[in-house]
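Just the one chain here, the form predicted on its own, laid out as structure tokens.
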Amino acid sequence: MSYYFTIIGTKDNPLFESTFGTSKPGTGDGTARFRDEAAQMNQFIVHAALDLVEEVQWTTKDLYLKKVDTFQNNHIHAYITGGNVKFMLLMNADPSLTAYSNYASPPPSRASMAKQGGLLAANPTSPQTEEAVRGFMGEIYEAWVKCIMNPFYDVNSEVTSPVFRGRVSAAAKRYL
């Protein structure tokens, strides 16, 4: 499973970006396995899901909006802060099956489904995955609050703190 995490500011500008993979024992080494063209497409897919996030945010009182969109083999989860900053997590169970150059979603092969059958993160729609993403987003929110409380941080500016990046990586290893 590969992940693309981004924080979107109140002006729909990216404040932070990170890619990582599953790092649970026996399932991955923490490295994202996205194809070359996925770097730009992941940004596009996440920003396209912002419209859905803004619709869903008014229908619930929760900060964690769960899965808000699906595109091909990508699942997008969202979390809204009190200051209307959006945490967006794109997860892709098998990036090698995602062909960004065509719009038809290829059916997963039986071999890849059998290979992933026993993994917690192999099913992006399972309740266990939802709880793991909720825990990840909660921990990132705590790190975010500490980051923006810094008197030298300018609102809606890019986060360049290596401490914050380290906390995101640690939360990814713990939950995803």
Partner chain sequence: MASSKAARIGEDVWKSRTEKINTEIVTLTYGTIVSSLCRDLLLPNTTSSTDYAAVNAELDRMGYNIGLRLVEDFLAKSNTGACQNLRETAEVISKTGFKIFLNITPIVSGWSSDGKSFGLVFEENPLADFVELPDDGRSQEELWYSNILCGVLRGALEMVQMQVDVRFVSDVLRGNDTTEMRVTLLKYIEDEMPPDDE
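Numbering follows the first chain given and starts at 1. Please read these numbers as outputs of a predicted model, since none were measured by experiment.
In what follows, reference is made to the form predicted in complex with the partner chain, a form of this protein that is not presented.
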| item | value |
| --- | --- |
| The partner chain contact in the predicted complex: S18, any heavy atom under 4.5 Å | no |
| Contact flag, K146 vs the partner chain in the predicted complex, heavy atom cut 4.5 Å | yes |
| Residues of stretch 147-176 in contact with the partner chain in the predicted complex (4.5 Å, non-hydrogen atom) | M149, N150, P151, F152, D154, T160, S161, V163 |
